[in-house]
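The chain below stands alone, shown as structure tokens; this is the form predicted on its own.
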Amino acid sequence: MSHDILVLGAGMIGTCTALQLQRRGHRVTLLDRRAPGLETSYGNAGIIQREAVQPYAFPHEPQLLWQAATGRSLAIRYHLGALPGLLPRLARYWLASGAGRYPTIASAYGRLIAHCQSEHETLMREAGVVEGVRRQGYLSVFRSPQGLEQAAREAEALAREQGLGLDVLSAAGLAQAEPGLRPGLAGALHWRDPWTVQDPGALVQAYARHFEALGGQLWQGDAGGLSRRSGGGWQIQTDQGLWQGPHAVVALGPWTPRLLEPLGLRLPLFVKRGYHRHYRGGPGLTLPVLDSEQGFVLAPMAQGVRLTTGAELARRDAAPTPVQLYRAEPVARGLIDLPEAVETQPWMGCRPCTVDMLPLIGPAPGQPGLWVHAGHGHQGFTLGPASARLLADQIDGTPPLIDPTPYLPSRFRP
């Protein structure tokens, strides 16, 4: 049976949700205040991370915690004034990252990540995406031999367990694989399975065009106007007029709580903010490069080499403070000939995260016809098509791609 379905949010998650539902014959409207792919989905490192079978855990090592607390880490920064509001959720994140719970969480995360490339492959083929996608992986580089040796042991064990492609490169092997890097590095891990995209926002836009070609409607408006109809279902006033229907999907990324909380749903979401900047000229890179010991990524993009930062813990709407990026620039110039920046001001986006690192995929508790699809943290770009298929399976009542139980929003209901 086909339905009228509204999807709120046109990032990778929302656009893929709308597309997966439209492919099944539903009448779908995709609503956003901006064009598709211009928020968080635009600003990532452009990597579809098949190897990311373990979500980003809260560090438990005393040395890493001390570096973060004292502001010595490039990988993480925090706004002191935001901590009182964030501490309850960060405490739950820390507990979920412990040895008792993390293996179960990682197992569920890995089951979803396992489908990321096959589902992207289907949508890319149907949408006619033939350029700008490379299937040669990325490099995780190390300065110290000890750091490389320890990371290689752990990575090789994970690769054997999960069937992932991995090469451990010596300094000479790294120089041959990526001649644009300066000498002096100890070596690298080459994860071979990931795909890299030269323009992440353009991929989202290609999916949105395919959605429209199948008959989907792309509307503009403020998602905050969503309300329940007196006779059941949902409605919202948009720039194109009044939409009404039985099902609405909230895929608003970091803005999801703004819509859900007035409905009485306080799901434990928080944001990790991140920054990027492009640099054009110089020898460039063949593959994206993760500086594993400093926590930033250099990725070749259509706009130039993109430098992306780690996590900033702050209020979602606080003014940008791109300290991590400014501190990372001179460190990055130690790796590559990084010319002057393209943008005057760095770009900033927000990653929507849950306290247990698993996304929210399923019905909103106590709100018939309302669905939640958010909280993908660092991997919304990777997980979009697979996660959207799992949500579409639930809406349709068809056999799901995988067991949806670990990702249901009801797991947080009091």
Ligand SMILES: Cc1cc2nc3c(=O)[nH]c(=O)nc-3n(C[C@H](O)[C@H](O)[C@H](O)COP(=O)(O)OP(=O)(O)OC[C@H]3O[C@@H](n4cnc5c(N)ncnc54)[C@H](O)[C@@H]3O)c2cc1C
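In case it trips you up, residue 1 is the first one in the sequence shown, and so on. None of these values were measured; they are calculated from a predicted model.
Not pictured, yet referred to below: the form predicted in complex with the named molecule.
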Answer range among 46-54, 66-74, 385-393, 357-365 for contact with the named molecule, defined in the predicted bound form as heavy atoms within 4.5 Å: 46-54
Have a look at A188, V249, L252, L298 for me and say which one sits with a heavy atom within 4.5 Å of the named molecule in the predicted bound form. L252
Any of the heavy atoms of R351 lying within 4.5 Å of the named molecule in the predicted bound form? yes
Would you check, heavy atoms only and a 4.5 Å threshold, whether D167 touches the named molecule in the predicted bound form? no
Is A223 part of the interface with the named molecule in the predicted bound form - any heavy atom within 4.5 Å? yes
Do L31 and the named molecule share at least one heavy atom pair within 4.5 Å in the predicted bound form? yes
Just give me the residues of 359-393, first to last, that have a heavy atom within 4.5 Å of the named molecule in the predicted bound form. H376, G377, H378, Q379, G380, F381, T382
